[in-house]
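We begin with a single chain expressed as structure tokens, specifically the form predicted alone.
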Amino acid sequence: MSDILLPSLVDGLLLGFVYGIAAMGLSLIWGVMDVINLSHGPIIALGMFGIYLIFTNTGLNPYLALFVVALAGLLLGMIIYGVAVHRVIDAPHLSTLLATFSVNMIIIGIGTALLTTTPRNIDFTLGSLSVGPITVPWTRVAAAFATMLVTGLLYLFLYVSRPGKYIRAVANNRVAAELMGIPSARILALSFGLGTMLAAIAGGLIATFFPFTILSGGSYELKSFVICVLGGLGNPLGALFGGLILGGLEGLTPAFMPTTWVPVLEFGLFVLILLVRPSGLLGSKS
């Protein structure tokens, strides 16, 4: 049994890193702006197609193409904020939900028309890493390293740089931040752009080892909600921790029961955390 459990656990944890970076984008927007971004899933899918189109048309290494996808995600997020979110940022939550859901449907509609729903995959491999009974694709190891690098850079940005401190100030008390001269509209646009960028990076990493369509982001969006609740809103390390929990759960479950039980366990855990510790495992108790 151990020969099955350990490889499954390692495989799940490596996948959990990518789940974590996908959830970071949702957590950042949710925690800073109190906006539930329902366009998160299609943006992940756009990240997948961004890597795919760059790789197939130019032959550029997918990990180098991530820089292009990240920049495009940042700009797209700021545009979405300015067009769809800014005017309803202070409206009831239903308004922001409808605004981001509209963006969701627009992206899926245009993407389906232009890209169809035919599954695509990136013909790219780095071989496999074997350590004892464990054999994993190097692409998953590379994705885990990329996730840790992005998490570290995001943490430094939020806690060391001036714009990062502005984001934290606006998240804590927007009115007080504005009184101190912080341009909250620009900071909120930057926050939404960063969240979108993280979603696009996650999509690009996922595309290196799974087939995908324009509809593929939906399942990762649902996982991101679970992870946000697990780790606590606005906490990058919490999102990474929640992603590892979810990935480990997905890796171990098939060893004991059919894979069809995985969503049941994930959302059962979601409900349990909401009941027992709504602030998340690494969130504040207040």
Partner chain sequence: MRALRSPGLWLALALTAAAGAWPYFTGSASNREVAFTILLSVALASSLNILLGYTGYVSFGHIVFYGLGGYMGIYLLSERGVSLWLAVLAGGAIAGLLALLLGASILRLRGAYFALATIGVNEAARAFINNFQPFGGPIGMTLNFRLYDHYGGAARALWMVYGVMLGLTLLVILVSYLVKNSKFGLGLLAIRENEDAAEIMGVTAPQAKTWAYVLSAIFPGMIGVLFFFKNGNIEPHDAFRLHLSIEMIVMVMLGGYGTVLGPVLGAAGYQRLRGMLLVSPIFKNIQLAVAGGLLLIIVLFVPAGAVGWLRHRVPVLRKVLE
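Numbering follows the first chain given and starts at 1. Keep in mind that what you see is a predicted model, and the values were worked out from it rather than measured.
We do not show the form predicted in complex with its partner chain, though everything after this point is about it.
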**OP:** Find the only residue in Ala70, Leu60, Leu237, Ile36 having a heavy atom within 4.5 Å of its partner chain in the predicted bound form.
**Re:** Ile36
Original post:
Just one of Leu94, Leu75, Leu149, Val131 has a heavy atom within 4.5 Å of its partner chain in the predicted bound form. Which one?
Top reply: Leu94
Original post:
Looking in the predicted bound form, is its partner chain within 4.5 angstroms of a heavy atom from every one of Trp30, Val88 and Leu98?
Top reply: yes
**OP:** May I ask you to check whether Phe241 falls inside a 4.5 Å heavy atom distance of its partner chain in the predicted bound form?
**Re:** no
Original post:
So, in the predicted bound form, is Leu153 in contact with its partner chain at a 4.5 angstroms heavy atom limit?
Top reply: no
**OP:** Please run the contact check for Leu233 against its partner chain in the predicted bound form: heavy atoms, 4.5 angstroms, yes or no?
**Re:** yes
Original post:
Ala84 near its partner chain in the predicted bound form, any heavy atom under 4.5 Å?
Top reply: yes
**OP:** Select from 252-266 the residues with a non-hydrogen atom within 4.5 Å of its partner chain in the predicted bound form and write them out in sequence order.
**Re:** Thr260, Trp261, Pro263, Val264
